[in-house]
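Shown next as structure tokens: one chain only, the form predicted on its own.
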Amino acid sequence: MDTRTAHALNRFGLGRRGIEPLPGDPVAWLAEQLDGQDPRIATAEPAAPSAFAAIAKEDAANRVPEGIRPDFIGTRYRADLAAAMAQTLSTDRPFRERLVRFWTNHFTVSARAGGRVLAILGAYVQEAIRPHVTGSFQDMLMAVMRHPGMLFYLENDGSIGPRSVVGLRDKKGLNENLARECLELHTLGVSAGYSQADVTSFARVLTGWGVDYSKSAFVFRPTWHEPGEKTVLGQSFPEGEAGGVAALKFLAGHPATLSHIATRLVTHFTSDTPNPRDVATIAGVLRDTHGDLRAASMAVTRLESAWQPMTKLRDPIDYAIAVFRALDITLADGGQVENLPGVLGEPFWNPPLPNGWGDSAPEWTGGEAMVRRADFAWQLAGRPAAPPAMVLAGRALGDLLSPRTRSQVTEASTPRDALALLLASPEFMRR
């Protein structure tokens, strides 16, 4: 396998799966993956209603006197998690799947919040992220901000305008979480120059944006909404739901937003220290296409810096997935495979904070983290069906395998040592 093909499989994809056919034209192969509808959306059942059914059952069970209480929410979450991991391991569209994971991390909703968030997380990814990774950023932002998953996670479903009908009656007020994270993380970025007054005003814009349990969907509650016109970053927005929609459209197209998301994309696909010219190029594509994420993603594949091998350290989830795919491990024969990324320090869908998991090497290269990877490689190398190390190297890495690693692997004392050395090599750690 030549270097360019191997690089496409690992940098833009998730690593080659077993002996799957190799693409003849790597760039055309990447483009084809972004055509048409996401196959996971086409085959999956509606997600939110089953999540809300689990929440309702759990609430009902908690009202029963002491006794055995089924874990409806946990069961729902584990099923969604297993389905997501199965999709990641088996997909023949790994570039699209990488983008799903990238945007899920950008718009973090974490299982760490528990409760309702745990139940709805799978539906959130399915409904707010997946349909939009090749669509417009504005549409994705709108879907994220109106999804029960995000509204629950950042507690906007309980944000009430102090001067609204309900606010005056019940003496309740704003929750600024969603407004703050939308400005800081999702759109403009922390260095964009907005003020605390902008955060508070934007939180007022979003009052009344909540969740209708009976419909498993977003609802706007006028009696919770702060009346009057609001100003954010010098722009005025009318009261009502229309004001929130207008504010999100304004933020989605703001130059600072385009630069922020371009920086994150270029960082993810090129280097921890992205070239400012590359960032400007991708921001320009987003500007000229009105936020077309497919166009931006394909523009990244045309950056010269995106084709420099081994410049990005795989984070633990990336690393685990690449190893699983190389060994052609599935949920059926891998035991609790969906939990293994957590052993490496990055549990799936479970970042500690709303800014998601880090995307640079220093965040994942501590001594303990590297020992965990070595232990992980040793564990997987002992699988009975594991192929010989050099056979796997040819399948998964091809010409990316360095002479030094080849020498160390071929000189190992046992087949298991050889495979463990390969799986813990720089070539497997990086993409």
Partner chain sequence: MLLKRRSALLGLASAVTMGRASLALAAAATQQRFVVVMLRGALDGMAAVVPYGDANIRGLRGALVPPEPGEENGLLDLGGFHGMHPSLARVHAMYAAGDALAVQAVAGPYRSRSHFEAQDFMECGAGERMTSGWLNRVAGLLPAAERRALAIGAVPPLLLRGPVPVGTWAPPALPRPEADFYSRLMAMHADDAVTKPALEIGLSERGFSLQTLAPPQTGPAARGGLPALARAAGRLLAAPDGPRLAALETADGWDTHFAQAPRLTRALATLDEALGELKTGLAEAWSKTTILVMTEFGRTAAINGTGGTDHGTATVAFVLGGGVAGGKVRGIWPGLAEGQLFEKRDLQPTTDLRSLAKGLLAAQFGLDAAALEKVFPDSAGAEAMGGLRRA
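These numbers come from a predicted model, not from an experiment. Positions refer to the first chain, counted from 1.
The same protein also has a form predicted together with the partner chain, omitted here; what follows describes it.
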{"query": "72, 115 and 280 all contacting the partner chain in the predicted complex, non-hydrogen atom within 4.5 Å", "finding": "no"}
{"query": "4.5 Å heavy atom contact, residue 196 to the partner chain in the predicted complex", "finding": "yes"}
{"query": "The partner chain contact in the predicted complex: residue 155, any heavy atom under 4.5 Å", "finding": "yes"}
{"query": "Distance check, residue 180 to the partner chain in the predicted complex, heavy atom within 4.5 Å", "finding": "yes"}
{"query": "Residue 241: touches the partner chain in the predicted complex, heavy atom cutoff 4.5 angstroms", "finding": "no"}
{"query": "Candidate stretches 210 to 218, 96 to 104, 165 to 173, 290 to 298 - the one whose heavy atoms come within 4.5 Å of the partner chain in the predicted complex", "finding": "165 to 173"}
{"query": "The single option of 354, 347, 253, 274 touching the partner chain in the predicted complex, heavy atom within 4.5 Å", "finding": "354"}
{"query": "Sole residue of 60, 370, 31, 41 within 4.5 Å of the partner chain in the predicted complex, by heavy atom", "finding": "370"}
{"query": "Residues in 368 to 405 close to the partner chain in the predicted complex, defined by a heavy atom within 4.5 Å, in order", "finding": "368, 369, 370, 371, 372, 374, 375, 376, 378, 379, 404, 405"}
